[in-house]
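The chain that follows stands alone, in the form predicted on its own, written as structure tokens.
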Amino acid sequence: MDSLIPFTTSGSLVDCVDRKMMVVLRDGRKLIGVLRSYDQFANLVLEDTVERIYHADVFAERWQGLYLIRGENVVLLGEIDLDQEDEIPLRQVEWKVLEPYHKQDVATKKHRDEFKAGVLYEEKGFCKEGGEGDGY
């Protein structure tokens, strides 16, 4: 009977080792790399890692190499479908071209989130606890 209960811990990552994965972090960064190792705290080791940023219908990647990620910073972990990876409807551009637009997007989102938190605090009685990236 216990064998029918799915893994809900870091043990469920065993099938993901040596596969290309995308990791979304609490601060919004998106990393793509090959999962090489993990531990009981869901700390991850990614190899051949790139950081990817998006704006409109374009994206850019920056090489990061070997990457160690603390488990508490992981929001989402998903496998990249290698058969469909090259069929994404986005155009790749240089990092230095896209970075200013991405930084503006991040600043706009931060401003919008601060405004929203202020309204929730003042009008609805919500608290202002939490820090950067705690929106997840």
Partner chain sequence: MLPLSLLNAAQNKPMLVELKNGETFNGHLVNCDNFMNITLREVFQTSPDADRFWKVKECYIRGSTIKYIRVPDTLLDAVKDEQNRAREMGRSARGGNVSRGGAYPSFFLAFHFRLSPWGSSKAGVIACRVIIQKQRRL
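Model, not experiment: these values are computed from the prediction. Numbering follows the first chain given and starts at 1.
There is another form of the same protein, the form predicted in complex with its partner chain; it is not shown, and what comes next is about it.
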item: Contact at 43, 47 and 72 by its partner chain in the model of the complex, all three, heavy atom at most 4.5 Å; value: yes
item: Candidate stretches 78-86, 24-32, 94-102, 52-60 - the one whose heavy atoms come within 4.5 Å of its partner chain in the model of the complex; value: 24-32
item: 4.5 Å heavy atom contact, residue 37 to its partner chain in the model of the complex; value: yes
item: is_contact(residue 106, its partner chain) in the model of the complex, heavy atom dist at most 4.5 Å; value: no
item: Contact of residue 90 with its partner chain in the model of the complex (heavy atom, 4.5 Å); value: no
item: Residues in 64-87 with any heavy atom within 4.5 Å of its partner chain in the model of the complex; value: 64, 65, 66, 67, 68, 69, 70, 72, 73
